[in-house]
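Next up is one chain by itself, shown in structure tokens, the form predicted on its own.
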Amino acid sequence: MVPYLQIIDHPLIQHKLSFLRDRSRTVVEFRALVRELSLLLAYEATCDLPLMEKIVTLPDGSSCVTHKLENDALCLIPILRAGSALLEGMLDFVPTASVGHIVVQRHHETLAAEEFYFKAPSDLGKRLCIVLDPMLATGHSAVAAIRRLKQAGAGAIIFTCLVAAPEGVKHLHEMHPDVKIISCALDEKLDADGYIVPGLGDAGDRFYGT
């Protein structure tokens, strides 16, 4: 496996992903599975976060040195709308994280990404920025979102998704070779309409019931 791409092959993730692909899952079931998978994605994506020492008082009155996350260490950036599906689970895992938002929509004919909205903390350069999107298909939305983050001062960036296509991984790495990609699966290919095969269907529609 290439160093910039991490596929999480843990048995529990692959087990849950098999249910997620199943078209018979209800909206409630689909949302629950996405939340569970986002927790596991957050665990992997935050493994290199910096820690600072903290002295705590133990129950017997003595003290010891422990370690905690540095202040303002993390910012989660969902690419709306579908990226919000991963946000709640990640916030469950790291409730102190800041949250930025970016709206990037893929044109259905040209597949090009168009930015409509961006809002994030002003000190992105001091944080690890984790970009969230359930699918990495063509990679156009991810490339546009990361480009906007870099323009805002972001340095350390990780892209996380549930399912990726080889074409999207290739495009994202060509445009942003410094960005690590973490996914639960690397699927076969894109179809003629730019959707991942086998994929999950439209993750946003399935999550929001639209």
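Predicted model only: the values in this text are computed from it and were never measured. The first residue of the shown sequence is 1; numbering continues from there.
FYI, the form predicted in complex with a small molecule isn't displayed, but the following is about it.
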May I ask you to state whether residue 202 is within 4.5 Å of the small molecule in the model of the complex, using heavy atom distances? yes
Can you tell me if residue 75 lies within 4.5 angstroms of the small molecule in the model of the complex, counting non-hydrogen atoms only? no
At the 4.5 Å heavy atom threshold, is residue 102 in contact with the small molecule in the model of the complex? no
Residue contact check: residue 120 to the small molecule in the model of the complex, 4.5 Å heavy atom: no
Work out which of 130, 85, 97, 137 lies within 4.5 Å of the small molecule in the model of the complex, going by heavy atoms. 137
